[in-house]
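Only one chain comes next, encoded as structure tokens, the form predicted alone.
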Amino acid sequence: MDYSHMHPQEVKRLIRAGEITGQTSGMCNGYAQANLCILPKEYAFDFLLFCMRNPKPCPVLEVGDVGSKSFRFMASEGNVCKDFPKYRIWKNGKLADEVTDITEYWQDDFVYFLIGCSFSFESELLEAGIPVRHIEENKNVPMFNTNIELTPAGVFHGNMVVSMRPIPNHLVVKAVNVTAAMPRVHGAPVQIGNPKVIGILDISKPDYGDSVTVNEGEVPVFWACGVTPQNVVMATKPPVAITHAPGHMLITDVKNVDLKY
């Protein structure tokens, strides 16, 4: 089914009903998507400070009140426990479970963070005539761990995760300009054409998501990725954390254009 022209509320109702459990790239063209990190209150300030110091991979779109499951700004209705197609439960930095509803895991001291997602700029790339390969191939975007160290804050530390899209050589500058105008969803790329510089040895073997075709005359372009907090959770090992599963985002009610400069 083609979800690209559906309204976010329609798609989220299908997600809550369990009818959509897959990745969300290409859904609800024109609307921003968001990553998720949920932590106990005692870790929330340190994590917010970490995001402020590392805005490229962790651009904060919204922070929930302590114990609140309801969205305040990025969606007019909904529930943080049910509106992502798939979640990851982390215990002491280790993946404990993947679920489609986190109601039974919810704690009264939880604070949710919505973080900008590069899926948000993909409709802008397409509108500019720039191909997005994983959408063409109906796959999740390839994502990679890197050697790019982030600025620590409190207990939080770790390395950046990036997403990769193959871009035709003659469109790379246009892709940079399109995405640079959207810093709240990661902005301009962090590396172009030389993955080994950032510690990626084989672009056909992503750490998260799916491998995609890179055609002759195309260059791999890497953007900061909102899966970074999951890498940080694994490094920091808080007793409990909840994130989205990579590629399984919240589709917000906010238009991409409203996240531009």
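Everything numeric here is computed off the predicted structure, so don't read it as measured data. The first residue of the shown sequence is 1; numbering continues from there.
Just so it is clear, the following notes concern the form predicted in complex with a further copy of the same chain, a form of the same protein that is not shown.
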Partner-contacting position among Ile203, Met234, Ile192, Val63 - heavy atom within 4.5 Å of a further copy of the same chain in the predicted complex: Val63
Gly154, heavy atom within 4.5 angstroms of a further copy of the same chain in the predicted complex: yes
Residue contact check: Met52 to a further copy of the same chain in the predicted complex, 4.5 Å heavy atom: yes
Contact label in the predicted complex: Lys94 to a further copy of the same chain, heavy atom within 4.5 Å: no
Interface membership of Met160, a further copy of the same chain in the predicted complex, 4.5 Å heavy atom rule: no
Options 25-33, 224-232, 204-212, 43-51; stretch whose heavy atom lies within 4.5 Å of a further copy of the same chain in the predicted complex: 43-51
